[in-house]
Every structure is written in structure tokens, then in C-alpha cells.
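In the C-alpha cells that follow, a single protein chain appears in two forms: structure 1, then structure 2.
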Structure 1
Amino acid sequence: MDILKLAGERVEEAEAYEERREGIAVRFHGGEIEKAASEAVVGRALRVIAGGRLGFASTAGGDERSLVQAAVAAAAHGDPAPFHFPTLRDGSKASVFDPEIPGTPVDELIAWGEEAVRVIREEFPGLVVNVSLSRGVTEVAVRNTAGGECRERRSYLSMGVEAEHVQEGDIWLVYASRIVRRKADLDREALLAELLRYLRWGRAIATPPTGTPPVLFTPTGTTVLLLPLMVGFSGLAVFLGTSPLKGRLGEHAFDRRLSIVDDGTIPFGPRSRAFDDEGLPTSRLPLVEDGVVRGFFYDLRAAALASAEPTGNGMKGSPLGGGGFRNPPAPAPRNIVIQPGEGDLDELIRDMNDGLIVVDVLGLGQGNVQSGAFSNNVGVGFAVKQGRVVGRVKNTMIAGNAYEVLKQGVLAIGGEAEWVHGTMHTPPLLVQGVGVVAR
């Protein structure tokens, strides 16, 4: 029996989510190929409204009756459901599928991995090099008892390269990755150039600046500042009062040079899609315009609680992705896009004179993310003196508040944006007001 009909016998409303993923994964460990295998996952999730409460369950292989039973049992202790599942319409299409990706042979992925190992070891023969690659297709379908169905095929291609320096008393790891939906968008040369640049900068160990020096966050490093915003722009957090942005719609809460859009419609964007994980159409949603707060993102539940309209942001997993079908949808961004400013990375380094470059941190999300506070050990960072990089730093920590830094401490917004973490298109940010300590 169809799972919606089966659930309909026991609950008021139900929503079925199905995800089929087929692909190939290749991994190199220590420069040698470790894995080259196909992978296939079929996941299903059921969300129900039973007795006015929400229940959720998922399975990667269980039968329909067990899934319904688990969701109904969860509803007994679930949150009240302030909304009804809407009738779904499979409307506008999104550019999210590239037929070249599923046609990419495993031998080509292996050749890419071998090339990455060779290029790095030509200049740094003593490093441990790990490479991971994957490609495939995900098919997603959303249905509910109100009627209608949304279905979409999405391609994915990813490459990550890790170089590890291991000596007694000195372990240093540098990582660069790309996640794309279109094969032509995977710039392997740029990925390796980024990694080699950091390895060259890190040949020497430098004394880190301390106090509150200028700090240049590279595109990957900007996650330290942007993760609290991804939480703060959630309509649910605003409604509950846990977001510092509550009551600040239309206010200049950020530097006037800062503009942020959440856009699920970008052709072949890493998190683009025609519909969210609740089956609602995606859109382009301005969050910040010239420093002014313009909107928040909502799923069905948050919109109902806040008496707002859902924005097609009901997403499974965390703000940075992951989790997949095993999580119920919640308000989260699609593609976060930061409007670039001016100047490339080298120009920003010259302009900062003496300071710190942050590429990556350990324990992302430590601190009180909801308030904007961060406190992290620097994983990959470099000291800058008189406008040039003098070496990597060790045993260095940064701390501050993202809202305060992005309001009062922006020195420059770089002109060259990159996709990072498969969810953000962001330029580097040069800021002040970040505390730096070292031991």
C-alpha cells in the first residue's frame, strides 16, 4: 500500500520525502588509491500530524508500516503543528542537472586524484596527501496528503584535497575543496593553486600578532562570521527571540557595504533547487541590502508561528548542509551570496600592513552562535608584516562577535568571491575588532 494512504488511516495529515542517490566515490590516502567504488542510497522520511502534533521518522531500508508506526509514536511527544501541509505544484524548473556528471568514468576521477598528488608532491615531496572525489545523481521526491508531487534530479561533483605536514611537535593540515552541480564548474587548477599558495606561505612558522590586529578572513575563513548569521536569519530564531535580529527588520544592523542574498534559483548553484524539502518553490530572498535587514527565511512551521509567508527554506540538515533525509526540515539557507567589493587577496594583504590571515578554524561553531559570539583556535592562519605573509601561526586563538564585527569592524570586502562549503559564495573580508591571543 502507498505510504501516504497507509499513514492516512492513522493521522490527520502526512508528508513523504524520498531521496535516491547513486554515484561513485574515489579516495586516495597517503598518495595511494584506497577506494574506488559505486554507492547507492535510498532514503525515505515521513512527517505526520497526529493529534495536532508533529511526528517524524526516517529509514534507509525499513518497510512502510514500520515507518508509519515510528512517525506516529514520535508525534505523541512532538511539537504542536501550527500549519497544514499545502497542495504541491511541480511548477518552475531549476538548472540543477548536468548529464556530463553521471557520464564521467571512474578512471577520469582516478586520473584527477593522481594529478593532484603529483602536483603537490613535485613541490612538497614530504607531505601526506589525501584526495577525495565523488560524482553522482540525487533524485528527490516530495508528496503529501493534500495532493500533488514535486520531483527533481540533481547532479553533484566534488573534489577535496588534503595535505598534511607531520613532524615531531608540529602537525599541520591544509585542505581545499569544491562542490559543484556542473562538471565545467569544477576548476581543479584553481583548487590546487589555492592549496599550494597556503603550503608556500606555511613553509616558515611566524609569531602571531596579538591584541586586536586587522584580521583577513579568506572565503573559507568567513564562515566564522557568517555561520551566526545563518542561524540569526532563521525566522524561527527571530520568532523565539533567540536571534539578535528580532525586531530589527528595516534597520541598519550591518556595515553599509554589506549585502547578502539567499538565492535558491542560481543556475547550477551547489544548493539550488526548484523546491525545498517541503515541496515549496524556492526563490531569491534578500537578507541584507546595503547594511539594512530586509528579510528572514521561513519553513512552513516557522512561517505559521510568526504569521509570515514561507519562503521555500524548509531544508534538511544544518545551515552548512549534511544530514540528508534523516532530518526533518527546518529554516535554513539555500545559496548564501555576499556581494563582492573591490580588490583581490594580494591587495587586501598589502592594505592590512600587519595582521592575521584566517583560512580555517578548529571547532567551528564554538561559542554562543545564536548571540554571534565566536571563540576558535586557528587551524590554518598566517602572520602578515608590512603587507606580506611571513609564515604560518601556531597556538593562536581568535574571539569576537560576528554582529559587532560586521557592523562596526569592516575594513574592506574583497572583489573575488568563491563558493565555499557548498552553500556560500563569498569574497574575503578584512575586519577589525577580533581579539587574537597566542601562547
Structure 2
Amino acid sequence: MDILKLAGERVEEAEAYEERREGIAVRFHGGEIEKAASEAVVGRALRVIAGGRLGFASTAGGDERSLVQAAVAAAAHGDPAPFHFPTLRDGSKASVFDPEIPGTPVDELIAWGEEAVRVIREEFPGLVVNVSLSRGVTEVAVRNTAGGECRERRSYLSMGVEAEHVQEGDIWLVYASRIVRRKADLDREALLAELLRYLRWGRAIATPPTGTPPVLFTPTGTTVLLLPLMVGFSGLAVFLGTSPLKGRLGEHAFDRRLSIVDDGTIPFGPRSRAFDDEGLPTSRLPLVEDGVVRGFFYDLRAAALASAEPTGNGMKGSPLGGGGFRNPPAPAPRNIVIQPGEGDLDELIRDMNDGLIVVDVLGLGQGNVQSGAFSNNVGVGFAVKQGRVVGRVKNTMIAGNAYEVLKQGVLAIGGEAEWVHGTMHTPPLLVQGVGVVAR
């Protein structure tokens, strides 16, 4: 029996979520293939409103009846649901599926991995090279008792390459990755070029500048500044009062050159989708325009609590990990897009004269993220002297407050944006006001 019918006999409203994941993955460890794997997973979740109260349950491999039973039991002790499930429309189609991806055989992934190992070792024979590749399709369906159904197949292809330099007293690790929805978008050459550039820059060890020098965050490094914003622009955090942006809609909270959009509609964007995990259409949502706070992102519940409109941001899991059928939906960004400025990376490096380049940090998200505070060990970073990269830095920490830096500290926004971490499209950011401590 259909699960909504089954639930409908016992509750006022119900929403069924189903996720089917099928894919393969290979991993190379120390230049050598370690495993080839497949997955075929069906996970389901059910939200109900019973007696006006919200209940949630999830399962894999369980039967319909137990799932309904669990959701109803949860609702019996739940809180009043501040919203109703909306009628779903199978509206506009998003470009998120490439049939070339499920057709990609495991041998091809293995060949790409071997190629990556070969290219890096040709130039850097002493490095330990690890490669992860995966491809697959996730089919998501959302239905509810208000009627309608959303269903979508989303393909993904990801490649991550890690090069480890290991000597006693001097270990460092460089990582580059790509996550795409369309096979043709996986630029393996660019990925390896990025990695090789950092490895070449890192041949020499340099003394880092300390105090508050100019700091250039490359696209991967910008996460240090943007992670607090991903938390702070959540409509739930604003409602709960844990976001520093509470009550600041329309305010000039950021540098005037900064514009940020949360866009779920970009064709083949890594987190693009036609609908969110509550079945609402995704959208293009301006968060910051010319430095002014323009909006927050909401799921159904946060929107109802805050008397705002839902924005199609009800997601099972945050962009930087977690997720899947086990989680109830919560507000989270889709693709975060930073509007580029001018100049390529070399120009920015020239302009900063003496400073620090930050590519990757340790301890992302540790500490008081909500307040915007960051304090990180620089994992991959380089010293710049007189406009030239002179070598990698060691034992170096950066600290500051993302909100302060993005308001008063922006020196330049680069002109070349890239997809990073499978969630952000961002150019490099050159800033001041970041404290640098080194041993």
C-alpha cells in the first residue's frame, strides 16, 4: 500500500521523501589502487502532522508500516507544526542529469586515477599520491498529502587528488578536487595544473609575514570567510537570534563591492536542483547586493516561525558534509555565488606586494563560527614578497572575524571565479585585518 495512503489513515498531513543512490567509486592510496566499490541504497523518510504536531522518521530497508508507526509515535510527543505541507508542482526542469555519467565504467575512473598519479610523479617522484574518484546518480522523490510529486535524477562525478610530501619534520599535503554534474565539465587537466602549481610554489619554504599583512584567499581558501556566512544567513539562525545578521536586513553590513547570491538553478551547478528536499522550487536568492543584506534562506518551518516566505532551501544536510535521508530538512544554501571583480590571480599577487596566500586551512569550522570568528592553522599557504611567491609557509596561524574582514578589510575581489568544495562559485579575495602568527 502506498505510504501516503497508509499514513493518511492516521494523520492529517504527510510527506514522503525517497532517495535512491547508485554509483561506483575507486580509491588510489600511495599511487596504487586500493579499492573499487559500488553502492545501491534506498533511503526513505516520512514527516507527518498528527493532532497538529510534527513527527519525523527515516529508514533504509524497513517497511512502510513501521515507518508510519515511527513517525506517528514521534508526532505524539512533537511540537505543534507551524506550517502545512504545500501542494507540489512538478514545475520547471533543472539541468542536473547527464546520461554520460552513469555510463562511465569503472575502468575509466581507474584510468583517470592512474593518469593523475603518473602526471604528478613525473615532476615530483617522491610524493605520496592519493586519488578518489566517484560517479553516480541520486534519484530523489518528494510527495505529500496536499498533492503533487517532484521527482528528479541528479548525476554527480567527483575527483579528488592529494599529494603528500613527507620528510621528518616537514610534512605537507596539497589537495585539489572537482565535483560536477556533467561529465564534460570535469577538467582533469585544470585540476592537476592547480595541484602542480601549488607543488611548484611549495618547493621552497619561506618565512611567513606576521602581524596583519594582506592575505589573499584563493577560491578554496575563501571558505574561511564564507563558512560563517553560510551559518549566519540561515533564516533559522536569524530567528533564533544566533546570527549576527539578525535585524540587519537592508543594512550595509559588507563591503560595497561584495554581492552574494544563493542560486539553486544554475545549469549543472554542483548543488543545483529543481526542488529542495521539501519539494519547493529552488530559486535565485540574493543574500548580499553591493554590500547590503538582502535576504536569508528558509525552509518551511523557519519561514513559518519567522513569518517569512520559504525560499526553497529546505535541505537534508549542509553543503560541507552530512546529509541524506536520515536528516529532517533544515535551512541550508544551494550554490553560493560570489560576484567576481577584476584581475587574475597573478595580478592580485603582484598588487599585494608582501603578504600571505591561503589555499587551505586546518580546523575549518572550529571555534565560534556563529560570531564570525575564525582561527586556523594554514595547511597550504604561501609567502609573497615584492609581488612574487617565494615559497610555502609552515607553523602559521590566521585569525580574525569574517564579518569584520568582509566589511572593512576587502582590498580586492578577483575576476576569475571557480567552483570549490562542490558548493561555492567564488573568485579569490584579497583582504586585510587578518592576524597572522608564526613560529
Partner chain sequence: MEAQLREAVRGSRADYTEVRWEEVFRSRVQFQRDQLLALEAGEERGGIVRALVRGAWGIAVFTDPAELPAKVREATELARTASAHVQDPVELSPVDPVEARYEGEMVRDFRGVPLEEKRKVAQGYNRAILSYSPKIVATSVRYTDTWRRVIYANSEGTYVEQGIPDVTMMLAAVARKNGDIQQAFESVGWAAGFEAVQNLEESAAVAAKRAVDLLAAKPLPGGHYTVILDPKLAGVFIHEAFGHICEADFLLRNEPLRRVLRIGNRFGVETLNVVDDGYIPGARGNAPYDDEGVPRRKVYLIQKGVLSGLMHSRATARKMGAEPTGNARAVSWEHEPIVRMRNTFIEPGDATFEEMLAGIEHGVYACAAFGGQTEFEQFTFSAAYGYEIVGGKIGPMVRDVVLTGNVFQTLRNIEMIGRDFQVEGSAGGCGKGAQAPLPVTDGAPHVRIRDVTVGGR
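Throughout, residue numbering runs from 1 along the sequence of structure 1. Predicted, not measured: the structure shown is a model, and the values here were computed from it. Whichever C-alpha set is largest while still superposing within 1.5 Å between the two forms counts as the rigid core.
Asker: Of structures 1 and 2, which is the form predicted on its own?
Answerer: Between the two, the form predicted on its own is shown as structure 1, not structure 2.
Asker: Once the core is aligned, does residue 145 move its Cα by at least 2 Å between structures 1 and 2?
Answerer: After core superposition, the C-alpha of residue 145 moves 2 Å or more between structures 1 and 2.
Asker: Comparing between structures 1 and 2 on the rigid core, is the C-alpha shift at residue 73 2 Å or larger?
Answerer: Shift of 2 Å or more: yes.
Asker: On a rigid core superposition, would residue 424 pass a 2 Å threshold for CA movement between structures 1 and 2?
Answerer: Comparing the forms between structures 1 and 2, which are aligned on their rigid core, residue 424 does not shift its C-alpha by 2 Å or more.
Asker: Superpose the two forms on the rigid core and tell me the Cα shift of residue 15 between structures 1 and 2 in angstrom.
Answerer: So the C-alpha of this residue moves 2.4 Å.
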